[in-house]
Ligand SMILES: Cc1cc2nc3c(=O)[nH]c(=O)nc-3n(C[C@H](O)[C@H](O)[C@H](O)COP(=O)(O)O)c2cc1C
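Taking the form predicted alone, here's one chain by itself in structure tokens.
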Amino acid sequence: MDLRLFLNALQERGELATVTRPVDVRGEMAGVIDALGARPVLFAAVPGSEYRVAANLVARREAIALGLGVAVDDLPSRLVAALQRPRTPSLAATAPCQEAVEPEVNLARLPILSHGPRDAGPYVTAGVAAIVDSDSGPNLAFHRLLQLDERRFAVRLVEGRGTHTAWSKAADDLPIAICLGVPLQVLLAAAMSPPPGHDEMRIAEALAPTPLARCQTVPLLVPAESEIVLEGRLTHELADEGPFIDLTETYDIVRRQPILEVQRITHRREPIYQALLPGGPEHKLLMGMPREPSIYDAVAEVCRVRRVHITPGGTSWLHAVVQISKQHPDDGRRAIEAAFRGHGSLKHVVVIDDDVDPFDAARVEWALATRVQAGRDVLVFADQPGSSLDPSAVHAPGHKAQTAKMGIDATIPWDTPTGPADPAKYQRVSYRAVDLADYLA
């Protein structure tokens, strides 16, 4: 579903907030987006820009389910199916993203937001980069872009990931296209980070039809229904990037990063720029939820897994709850080890039984309180590769962050080969259900 159809669907459900008064992109707009929480919003008047701005579009699982036409509980299986059975997109007969071509490149015409008081400058936050790796092929990924001037960005590349790998081995500049306001399925596919050689555009096509268009100045294919496309080249010239707000809602460090030179801007008529609040609920959900299928698949190899939840309290990146149907005394430990294999940035994981809701933080904590003994059920793994987003990890330039990881087996302990000797003592008591209308006037 493209951005405009999605906005219409949200409008019809009464969920879209429309702001008609002028809102400044320098700090004010970020404040409004934050105040709205997870409610989607469209800013109709942006001083100094012809673009409208949309934000918070996929800040709730229910919104993603709406866009894909599935039930919320079916989202994980839909994502897993797309990963396992990708499809080849078609070439569009016409490209809405090229309805208009800017006569000259001037990034100042875009409503690029400044977010926090210590930001290094205006940042593009919802840009999906399309590149081609000389060995593994096409790749889509999110990258934040610090505007340097009217033609250039500094691009944050995570070391060892797709775009960084392709850029590092490119002898010359790397052709790149930054797509803004892409269809929902492209947002999800770009956030999944499958293994090298898996084309995210084919994953998007498996989620929903995603016609492609050829760029005009670089040899790349992009989603034809994108609102805006910035065509350019990722150079080997470096600039300071940061500080900027990260997923953890803390400021990231300053790094030397590659400079992107934009050579053409195309867009739809009456274009809509998409903003993504750094550290906000949309950022968290887009980062975290697409990692749940990879954890699910890894745990499924060692035990019977039910559901996986990457939790917002863990910045939707560093913490997960894994629900299993325990069949063996060691299933909890096996699930812990597998979860870390399924998501390399995971820092803490809790494994629970299938009578505990992984989306109910109070119930998960109840399982920790009633089923865990630290000396028996807590596993600590020292000196592990960690996440660059974790401010408490050990960071060294050019090296993977190092951290300690912890897994907690909060399943009912088995003191016999086939289960607990007294399972009743671990069960939560339930009272008889009543209809209060029968008792209260």
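From 1 onward, residues are counted along the sequence shown. Owing to the predicted nature of the structure, the values given are computational and were not obtained by experimental measurement.
Quick note: we don't show the form predicted in complex with the ligand, though the next part is all about it.
When contacts are judged by a 4.5 Å heavy atom cut-off, Gly162 counts as touching the ligand in the predicted complex.
A residue is said to contact a partner when one of its heavy atoms sits within 4.5 Å of a partner heavy atom; Thr210 fails this definition for the ligand in the predicted complex, lying far away. The ligand in the predicted complex is not approached by His343, whose heavy atoms all lie more than 4.5 angstroms from it. The ligand in the predicted complex comes within 4.5 Å of a heavy atom belonging to Ala191.
Residues within 4.5 angstroms of the ligand in the predicted complex, judged by any non-hydrogen atom, belong to 151-159 and to none of the other stretches in 334-342, 99-107, 151-159, 68-76.
Checking Lys326, Arg371, Arg291, His309 against the ligand in the predicted complex, a heavy atom within 4.5 Å turns up for just one residue: Arg291. Contact with the ligand in the predicted complex, judged by any heavy atom within 4.5 Å, is made by just one of Arg268, His283, His115, Lys347: His283. Contact annotation for 138-162: residues with any non-hydrogen atom within 4.5 angstroms of the ligand in the predicted complex are Asn139, Leu140, Ala141, Phe142, His143, Arg144, Arg156, Leu157, Val158, Arg161, Gly162, listed in sequence order.
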